[in-house]
Ligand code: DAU
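Form predicted alone, single chain, as structure tokens, below.
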Amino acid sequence: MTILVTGGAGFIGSNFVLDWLALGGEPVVNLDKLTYAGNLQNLASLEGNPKHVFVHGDMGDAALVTRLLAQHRPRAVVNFAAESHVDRSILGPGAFIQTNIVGTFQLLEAVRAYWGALDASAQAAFRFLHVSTDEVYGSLSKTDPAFTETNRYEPNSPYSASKAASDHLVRAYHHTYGLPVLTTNCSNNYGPYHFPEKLIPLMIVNAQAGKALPVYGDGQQVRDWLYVKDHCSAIRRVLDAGRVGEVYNVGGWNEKPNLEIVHTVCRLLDELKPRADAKPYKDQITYVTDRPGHDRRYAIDARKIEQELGWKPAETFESGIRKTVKWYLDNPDWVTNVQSGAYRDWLAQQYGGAQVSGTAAMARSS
């Protein structure tokens, strides 16, 4: 038995692959396009492991996916592959349409053909698990109840609109063709191997480099925060026992405004690696103009996955963020290596050379 993972060299995907194999799961065929956020360094500990087969390629390459399915005969496909950065989607939405919509369509078509040729027992056991985001639901006011699986989709960015479209395709392939699908919609992840364009790793990296810690607007945008390894355990549970055709929201029960997150990171850095001048890292916080269409609040109601499948997060935000900060402090070579010329060029294009020096960038909230 084998599983096929798409996007398994990215942040969440690589954590999933590492945990899956560490826990004795079946062999993994790992398909990743290796865009800027896909990093084989994340998988360095698996070098030489016969249970991990890495394939450099695009989930939208139907011929390649068809060959992999025929060769490895997976009993499940777990789809992490996506363009996922809101700011990048505002600057260049085309890549998001191509990967998240067209790529998902091509993957579904290849999987549908493979699944349709299986015998009845293999068809019944097969699963296609699609990993998505809470951003498809839109934005909440301070008093709105948290998102449930029945919330209407109201995406507000090219990124979230493209993910919403992919979710709809997955649903349609179940209802039209009978493909046994599962969908998870998660809140903001954080943890090891997180590319430093997102809020938490960006704050850690910039603080250590003596750069500004830029915060959009008033910093009161609220997000629910989910430790990545908790997310991975939820995906494993849904894959194992989720009801076919169902959607499961995965959250950490940690609603916090961005500014509080930044202050927490600063306090941990003050404790774990103080500045040479003994001043607090919070002195580096800088407020910058908010991004266009910035959603004010996301919140996940994760009661369905707890009640149906018995899953809930193991980490509190306090324990998870401490582990995360320590990981970045303990892995400076990884941080240095991911900040390639392409990463710096994009920061300069997005935010302007005057604002960006080295790793400085606007802190995004999801």
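In this text, all values refer to a predicted model and were calculated from it rather than measured experimentally. So that there is no doubt, residue numbering starts at 1 and follows the sequence shown.
Below, we refer to the form predicted together with this ligand, which is not included among the displayed structures.
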**Report entry** Selected contact from 238, 268, 202, 146, since only one has a non-hydrogen atom within 4.5 angstroms of this ligand in the predicted bound form
**Finding:** 202
Query raised in the report: Pick from 115, 137, 128, 159: which has a non-hydrogen atom within 4.5 Å of this ligand in the predicted bound form?
Result: 159
Requested in this report: May I ask whether 187, 215 and 258 each come within 4.5 Å of this ligand in the predicted bound form, counting any non-hydrogen atom?
Outcome: yes
Query raised in the report: Based on heavy atom distances of at most 4.5 Å to this ligand in the predicted bound form, which listed stretch, 67-75, 84-92, 272-280, 238-246, is the contact stretch?
Result: 84-92
**Report entry** residue 168: touches this ligand in the predicted bound form, heavy atom cutoff 4.5 angstroms
**Finding:** no
Requested in this report: Answer with yes or no whether residue 294 is in contact with this ligand in the predicted bound form, where contact means some heavy atom within 4.5 Å.
Outcome: yes
Requested in this report: Please check if residue 230 has a heavy atom lying within 4.5 Å of any heavy atom of this ligand in the predicted bound form.
Outcome: no
Report task. Check whether residue 133 has any heavy atom within 4.5 Å of a heavy atom of this ligand in the predicted bound form, and answer yes or no. Result -> yes
